[in-house]
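The data below hold one chain only, encoded as structure tokens and taken in the form predicted alone.
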């Protein structure tokens, strides 16, 4: 198993030195989020978001000798609570126990949602009501190991953040579960805690004045956008499938530019289905120029590779070679950079695509 190779001293493969090694943070605790079903396309199906995703990425990190692999530190709940609502955090901590008492030992999914004309100012007492209140889809099951997995995932991002704050030029936080769909007080889209947002806030708390977050996942980072939407100290840019056609549907339009102090510090690039590198590179170039103009102290990348042509739930047409070029484009920003793992569901290719991007960044930096 990939975890057997988790060695802090690992800096090369087969004795070959690495010219520009990148530290990877990884925890085997991600395996505790191992749901049986999600509701998608009108059917209960095995989840696309599964442990093998992270394991395949780790295997490729080791196979190419990307650099040292380190376990995360435990930062407790304080940095999580800097981003997420205390009631929401408590709900996630207790949800499985309450669900088992009410229903038994099987995955917890919500029943309904508070939509137009319904009240949003009351949190139900029953676990079914709480699941519905705090979630926005039925594709994100809570299991017996969810709490352990999501706190570990946040710690992976925070460990990467700490290393960058202490002088590392770049770090890869191999987070699982992902996070960019989770907002201050709701979860969904396979995401529970917003790892990229937690890391960005931790950078601010460590003294960085300006943070840029670039989200290259196929799906819009709706949670990250809402967390920082009224702030000028965090620039959020997302390149994603158009919400007219793709999940999460209700956020990610071009006219969403921020509010209050944050007006002008949110930028979305919604793209039509089927786009290839020719279109993507132009948009990515504009996004990186926006970040350079903002002149952040540090850059956080929400790294999704579900833009891949063979991803089972996405409809872009990027090829493996394109990820190297994405990494090279990100390197032109020339800032300390934390990569935070998000989506990507073509499991056999996910590791190759992720490491292609990271190696492209390192070789160009």
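Residue numbers count along the first chain shown, from 1. No experiment lies behind these values; they were computed from the predicted model shown.
What comes next is about the form predicted together with another copy of the chain, which does not appear here.
Chemist: So which of 166, 120, 278, 78 gets a non-hydrogen atom within 4.5 Å of another copy of the chain in the predicted bound form?
Modeler: Of the candidates 166, 120, 278, 78, 120 is the one lying within 4.5 Å of another copy of the chain in the predicted bound form.
Chemist: So which of 233, 98, 107, 162 gets a non-hydrogen atom within 4.5 Å of another copy of the chain in the predicted bound form?
Modeler: In short, 107.
Chemist: Please tell me whether the candidate spot formed by 135, 138 and 186 is one where all three residues come within 4.5 Å of another copy of the chain in the predicted bound form (heavy atoms).
Modeler: Yes, because 135, 138 and 186 each have a heavy atom that approaches another copy of the chain to within 4.5 Å in the predicted bound form.
Chemist: Within 4.5 Å, heavy atoms only, one stretch in 292 to 300, 41 to 49, 317 to 325, 330 to 338 touches another copy of the chain in the predicted bound form. Which?
Modeler: Of the stretches listed, the one contacting the partner is 41 to 49.
Chemist: Can you tell me if residue 208 lies within 4.5 angstroms of another copy of the chain in the predicted bound form, counting non-hydrogen atoms only?
Modeler: So residue 208 does not count as contacting another copy of the chain.
Chemist: Residue-level question: is residue 87 within 4.5 Å of another copy of the chain in the predicted bound form, judged on heavy atoms?
Modeler: Output for residue 87 is no: heavy atoms all beyond 4.5 Å of another copy of the chain.
Chemist: How about residue 111: is it within 4.5 Å of another copy of the chain in the predicted bound form, going by heavy atoms?
Modeler: Residue 111 belongs to the contact set for another copy of the chain.
Chemist: Going by a heavy atom distance of 4.5 Å, is residue 261 a contact of another copy of the chain in the predicted bound form?
Modeler: So residue 261 does not count as contacting another copy of the chain.
Chemist: Does any residue in 250 to 265 get within 4.5 Å of another copy of the chain in the predicted bound form, counting heavy atoms only, and if so which ones?
Modeler: 250, 251, 253, 255, 256, in sequence order.
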